[in-house]
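One chain comes next, on its own, written as structure tokens: the form predicted on its own.
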Amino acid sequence: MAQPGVAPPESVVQTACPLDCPDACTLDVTVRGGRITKIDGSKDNHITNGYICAKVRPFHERIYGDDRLLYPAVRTGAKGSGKFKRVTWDDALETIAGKMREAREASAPETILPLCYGGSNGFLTHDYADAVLFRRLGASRLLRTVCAAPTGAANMGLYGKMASTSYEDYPAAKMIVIWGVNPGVSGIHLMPFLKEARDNGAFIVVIDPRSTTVARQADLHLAVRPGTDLPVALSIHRYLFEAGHANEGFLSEHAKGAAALRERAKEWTFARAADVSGIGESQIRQLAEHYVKASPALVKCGWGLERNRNGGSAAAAVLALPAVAGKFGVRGGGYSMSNSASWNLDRPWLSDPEPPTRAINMNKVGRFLTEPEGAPINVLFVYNNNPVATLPDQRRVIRGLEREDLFTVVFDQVLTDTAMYADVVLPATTFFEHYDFARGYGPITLQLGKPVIDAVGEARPNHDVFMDLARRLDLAIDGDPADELEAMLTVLSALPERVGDGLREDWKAPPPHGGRPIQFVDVFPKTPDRKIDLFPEALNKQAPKGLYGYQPDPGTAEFPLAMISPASDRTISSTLGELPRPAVTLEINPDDAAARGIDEGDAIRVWNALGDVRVRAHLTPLMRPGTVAMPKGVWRRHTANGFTSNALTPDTLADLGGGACFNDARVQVEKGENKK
């Protein structure tokens, strides 16, 4: 203990950020007297380079904030009231184990559903001890499709998730197409490399319904209607094939399915794609002509274009562009997407196979909780996730959580919107309080994150809690890591020697190909024949109208406005949503506002057949006409009536991967009082 009048000792501890962002920053954390006082970027990482986003910088406000869960508790009031009574860990875990035991003894373990998502978690906090528990238990399986499912299916089908161009090689490109991603708020460490490329003379194109900061700095901005990226991409393919710009030599040697892609693109002239997407025909032509001439040319495919009924086919068409145009084989050329698979790690430390139990798409959880197919879910274990704030059809999700016969556990760091409906809440550690592995999926990095402070209150790491439950249910076996530290050592020992040694010695692993692979020089498709499959039959069978088949806009005369919910600079999905923020508004084009008699700051009602959301209007010409936007990750406390954009989002599924269709929400907007 520090002496009276003497400042406690201060130290700077290095760790890594595992939150759902491509960058996986290295952090310098200042600790004084056992408490975090400052979080900054480390210059030891040339990507982080001494700065971090405004989301993570105040993370210690979450750690020590009023919403932090400090001890286990059980519900004492009505579901949703947020009234709980403190209990011991032993009482809480025995209650949970008892409910799971009842389901197992009734031969109904499938009535148990783990509800989670792994975007902000590493090898220890996701799909390790939790998978051991629920697989051995025989619980229902969750299809984690709320994000990256359509793009992942497209990337896997065409390239087998081949490693892609990393940030460091963007400056070598002479043309960069930023399609469906906004690195100004998500993956901000790409921005300096984009600036360097622009300074080197690169032609920058942005395709996004909004005029983002990146779009305003670009040479060309295509403000497409949400859900129409597919026709635009196919019209470029048509031009490449019909005007003789397809690289037939490359396609013959390295690809298959080009004829089928060409046939699907044939109907999409620039004029037709422009009419459907709401942009100028000359803009698409300008993009296509520049793309043909530029070398190296790079396409950065994001995740925004997948969040609709055509999302998987759109991603496939975008990813196919460098193959048809022959843009591979040079530094700064090809495509850039997720590099999460670059390490070729398939979790060898997890030996329990998935059981042949039913699989539930997480985008349909609200419907399944209220209208079950087969046995209902009676035990819901929520962790690494805040479904009330993140899943489609929010009102239906809430109705499901309100079921008195549903036993809900929420294991989280703070009292989330979902935790308000829990029967038992369990306090989880943050990444500053436990070990984990942070894997970048923009830059190719893998780091070992270490705790910089002791756990606050009675918080426990994921591994310890799930293994404790496994022991209580007699599911633990010899060889299971007893605690988080043993689990970390088990993972290290299972990694390839070069990777494991790097993490032990330097807290970071040496990346394959120096972290800068050149596609079709250093890396090739991971498909069985090492060829690009431009028309995978499995994807063609999965898509309702076949691969590259366009599904028309779901808007109606009653609900004509497309509502999108882009990432913001305040939250990582819904993480940090409990912290103070400016008032949430609906961004609307001034012309759309004028047609409805709406002025800046007016109280408005945004509504469709699923419900309504009451916020204030923010008029901005940066939003294309016919489209409105409300940020994702918003909590219920941030709107006047306690519902967010997800209350207006259908639980329909994208054409590939069973992905969410957040950007298929079609709404109307009118003036209205903002009251609960």
Ligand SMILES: Nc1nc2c(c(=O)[nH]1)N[C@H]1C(S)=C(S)[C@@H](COP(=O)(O)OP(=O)(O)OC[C@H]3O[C@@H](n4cnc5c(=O)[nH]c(N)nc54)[C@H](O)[C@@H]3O)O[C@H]1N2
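Numbers follow the displayed sequence, beginning with 1. Predicted, not measured: the structure shown is a model, and the values here were computed from it.
One more form of this protein exists, namely the form predicted together with the named molecule; it is left out here, but the text below deals with it.
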Given the stretches 337-345, 288-296, 376-384, 96-104, which is the single one in contact with the named molecule in the model of the complex, using a heavy atom cutoff of 4.5 Å?
376-384
In the model of the complex, the one of Glu484, Asp130, Asp169, Asp412 near the named molecule [non-hydrogen atom within 4.5 angstroms]
Asp412
Looking at Pro554, Pro512, Gly118, Gly502, which has any heavy atom no more than 4.5 Å from the named molecule in the model of the complex?
Gly118
When the contact criterion is heavy atoms within 4.5 Å, does Val667 count as touching the named molecule in the model of the complex?
no
Does the 4.5 Å heavy atom contact test between Ser568 and the named molecule in the model of the complex come out positive?
yes
So in the model of the complex, does Gln283 come within 4.5 Å of the named molecule, heavy atom to heavy atom?
no
Check whether Cys21 has any heavy atom within 4.5 Å of a heavy atom of the named molecule in the model of the complex, and answer yes or no.
yes
Check all three, Val224, Trp303 and His434, heavy atom within 4.5 Å of the named molecule in the model of the complex
yes
At a 4.5 angstroms cut-off on non-hydrogen atoms, which residues of 480-505 are near the named molecule in the model of the complex? List them in order.
none
